[in-house]
Every structure is written in C-alpha cells, then in structure tokens.
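Consider the single chain below, provided in structure tokens and representing the form predicted alone.
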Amino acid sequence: MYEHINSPVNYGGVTLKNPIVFAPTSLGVSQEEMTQRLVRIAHGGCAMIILGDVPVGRHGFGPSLYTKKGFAFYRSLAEAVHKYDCKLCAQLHQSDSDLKAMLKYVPGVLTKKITPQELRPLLNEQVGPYITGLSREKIHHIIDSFGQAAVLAQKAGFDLIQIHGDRMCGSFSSALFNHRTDEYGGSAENRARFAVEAVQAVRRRLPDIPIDYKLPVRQENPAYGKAGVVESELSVFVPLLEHAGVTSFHVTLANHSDLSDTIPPANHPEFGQEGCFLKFCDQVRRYTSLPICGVGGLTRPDFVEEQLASGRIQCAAMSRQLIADPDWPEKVRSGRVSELHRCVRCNKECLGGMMAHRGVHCIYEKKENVS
C-alpha cells in the first residue's frame, strides 16, 4: 500500500528516498529553533527540505552565505538533515522590495497605525516602479549573484538549487509589475529574460547541479496573484527556462496578493479543496516532460498516492501538513495512517502565528502541550 509514496524518485537528477518534500516556509523563529524543527521534519521521513529565502546577495534578510556565521549555519543544517537521508535544497531568493520606499512606512508600523496586513499591499504597490526603474548594471549584478550564491550553497552542503521564481524573478515575469521598454520588458520572451539569465548564471558555474525552479502561476479567471507567469504565457516561459538549465519545476500560485490565497484555508472560495494548486501542474505539463513537484493543501495519503501514481506529479510538497505532523512520511511508510495528525487548514497558528510575529506553529502543539 502507498507504493509510490514509499518509493525512491529521481527529481531532476537527484535521487530522493521518497517523493515527500517540505515546501519552502518562512518559519519566523530563531536559527536554533529553525534547525531543531527542520531536523525533526527530516527525522520524520521527509525526503527533501527546501530552505526558503536564501539570499543571493551579501545583504538581505536571513543568514548570508557570504559570512562565516551564515555559511556555518547552512553547513551545520545540511549535516544535520543528511543524517536522516534527507536532501537539502537552497531556494535562492532576491527580494523585489524597494528598501528606500519601505522606510516611509516604518513610523506607522512602529506606532501600530499600520498593521502587517495593511503593510503588505502598500509594499506591493512599490514593486512595479522598483522593477521598472532598476538599472541594467544593477540587474546584471543581481543575476551574477545567483551564480555566486549557488557555488557557496553547494560548498555549504546543499544538494540542489531552487531559483525562487516569485519575488524579483516573478515580478520581472509579470506584465502587471514590469513596465520596462528595454530587453527585460515588453514581450513575454523579454519578461522571462531575468529569470532565464539567473538560471544560466547558476548553470555556467555548476554544470551538473540539479536546478529546480519555483514556477508561480498567475491565475487569470478569477484573478489571483500578481507576480509570476500568467497561464496563457506558460508556453513561452517553460521551454525557455528548461533550455536555460532547469531540471525540475515546483509549481504553485503566484504571490503578491493576500497571504490567505497562497496559504489558503479550507474555506477559501477558490482554493479550498485538497491539491488546490495541482491544476497549475497540469498546465505546466503541457510544455515539459521534466519532473514536477505539486503543492497545495496535500494531507491525505490516499489522495497523494493517487496523484503520484497517475504521473500528475512526481513529488508532493507539504508545509502546513509537516508542521502539523513531522512524522507523516514515516507513519505512512510503517502503516500507521490512523495516527496521522492531519492539517485541517485552519491557519490559526501557522499563518496566524506568522502575522502575529510569534512564528509559524500549529494548533496540535497546544493540544500536545496540554496533554
């Protein structure tokens, strides 16, 4: 039973012991606690952890690959999860936030006149002008940083690289944000150029490393997401990215909208069902034969097994479910499905914890602490 969940899979050149992946997640906790929680997920049988938001530049949010302290953190994390035969993927990230524009909102945030929910759309309003106004020199510098960071990530022990196709890559891809009139704007081919060159920068320096691409799809009808690739332009973007050196695609909904869209609760009007983003995988599949990792409210072993068995996806990425029950893969492997703590997608302590700046947690933690 659950043959596909319990079988190894080749994901773009790296062999995973099973197809269960921890999706990139901003946990909002200390490095020490982050390590403990990720190691716990590795111990529970997850085959690969995608570490979200690894900065490509020397300055950015999160530990830096360019400093001794940051590099040591990544190396120690890689060594820790490798003990459980769990691969570690670095999601290389470049913010599309205009730091100078952000400063004007600092007083409002500090005085709590601007809530975190209100701040997000305000920052998103600055993305378009920032992307459109970036100089070519700055663009080329950032693109080159993807290659530099990838080399350091491999030295730190990461097994593969994921290019974060949202944020700056996604904003360049989107006609909603990118209003440039040079070779990085205008046509779909031009808007894909930044992401394509970021992939190429990694591939030039690391000819053999697997490169996953987080491909955010912007839904047109009804409209969800603002950055990323609009559905009708996947036929342009997917082949270009594959030709540039991508070896697999991690497909999800585009960001830059309400967080409850990209992290949808069970009562979401559009994405309430299990496997809510897998329809985007179906669209991407039309244009590539590369492995695809699907995500979106995956909780039930029977459902996940069905998607894997049909070939709809080759890997199943989970975030909230593995936070709710880090032992999900091991319980399924050992026939203890009845013991699973299934994520109910209430968003109370995960998204709610993140928005309240107390870190991503789960309602099950409180129940266990009480007992």
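The first residue of the sequence shown is number 1, and the count goes up from there. None of these values were measured; they are calculated from a predicted model.
Absent from the display: the form predicted together with a small molecule. The rest refers to it.
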item	value
Residues 35, 80 and 326 all lining the small molecule in the predicted bound form, heavy atom within 4.5 Å	no
4.5 Å heavy atom contact, residue 297 and the small molecule in the predicted bound form	yes
Distance check, residue 31 to the small molecule in the predicted bound form, heavy atom within 4.5 Å	no
Proximity of residue 52 to the small molecule in the predicted bound form, heavy atoms at 4.5 Å	yes
Proximity of residue 9 to the small molecule in the predicted bound form, heavy atoms at 4.5 Å	no
Answer range among 66-74, 330-338, 52-60, 304-312 for contact with the small molecule, defined in the predicted bound form as heavy atoms within 4.5 Å	52-60
Interface residue in the predicted bound form among 178, 247, 94, 262, criterion: non-hydrogen atom within 4.5 angstroms of the small molecule	262
